[in-house]
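Just the one chain here, the form predicted alone, laid out as structure tokens.
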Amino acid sequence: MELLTEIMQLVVNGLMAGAILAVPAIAFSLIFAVLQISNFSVAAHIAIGAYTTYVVNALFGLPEAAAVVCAFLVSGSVGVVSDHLALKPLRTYGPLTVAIASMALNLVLENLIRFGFGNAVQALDLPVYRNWVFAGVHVAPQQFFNFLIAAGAMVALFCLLTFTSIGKQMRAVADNPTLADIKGISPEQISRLAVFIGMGLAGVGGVLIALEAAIEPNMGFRVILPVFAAAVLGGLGNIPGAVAGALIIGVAEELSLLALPVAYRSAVGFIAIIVALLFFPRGILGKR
């Protein structure tokens, strides 16, 4: 019975962690779907969102909802500017060049954060709540609130892509940018919008991570492997697949604690990428 309770606790923790992981994972997949590039500077934008939360919450005393909105706007704006200055001129050289350049851009943005805020670990000003207990399974209220915020962000993106003209234009550019241009849709504007939304979502992911953990300049770098693994496992460019991949990675990381020390938890991301490349090269929800 104790083992069953422990497994249930780990699964719940994994689903909560996976929902948070899903937000930057769908950001990565959205940018890949529209621009056909892997932008690893998502990691730095996670940190930008977290530090925006710190400024809004700890310094100005505004609530979590305001922090989420501000993090989305700031991270999205920084994403558009950094993409225009550093990555857009390199797109003609191929996706591999852009991917490598995005890693360099990530280092630049991380060090700008260090110059602005230092290396000291920051924390948010949040109330402390007693855990909820259901059949021996503990759920922290902050975990549940984070889950709701993550779910809300994902639902909002799905509605945007499915029911709005902007979403249809994004899908058109993702499928065939040349044909979309002939039909009067500007691939350049849609690409810029995709970067704004994607990096904005990465910033929201930073908010959710900041609500559970300490804030530091390289916090995005620490989670970029499971984010990338979730996107690859679900199928690069596949938004629902990124969500499914993130939930699988989150649960797998928690269940790995039954057999492995916590230091080896990151190995789950490597294993997921290897399994996806060997058996699901287009992802578990990718098209044949």
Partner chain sequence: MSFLKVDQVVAGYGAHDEILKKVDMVVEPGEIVSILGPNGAGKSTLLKTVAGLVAPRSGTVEFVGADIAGLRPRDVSRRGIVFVPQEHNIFASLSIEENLEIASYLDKAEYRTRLAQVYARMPELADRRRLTAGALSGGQRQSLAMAMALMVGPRLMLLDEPTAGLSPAAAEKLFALVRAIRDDGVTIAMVEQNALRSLMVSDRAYILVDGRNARSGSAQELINDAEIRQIFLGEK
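Numbering follows the first chain given and starts at 1. This is a predicted model, so every value here is computed, not measured.
The same protein also has a form predicted together with the partner chain, omitted here; what follows describes it.
Within 4.5 Å of any heavy atom of the partner chain in the predicted complex lies no heavy atom of residue 77.
For the chain shown alone, residue 185 is a contact residue for the partner chain in the predicted complex, at least one non-hydrogen atom being within 4.5 angstroms. Although the partner is absent from this view, residue 212 stays clear of the partner chain in the predicted complex, with no non-hydrogen atom inside 4.5 angstroms. Among residues of the shown chain, residue 169 is one whose heavy atoms approach the partner chain to within 4.5 Å in the predicted complex. Every residue in the set 162, 176 and 181 has a non-hydrogen atom no more than 4.5 Å from the partner chain in the predicted complex.
The partner is not drawn, yet in the predicted complex one stretch among 185-193, 199-207, 131-139, 150-158 has residues with heavy atoms inside 4.5 Å of the partner chain: 185-193.
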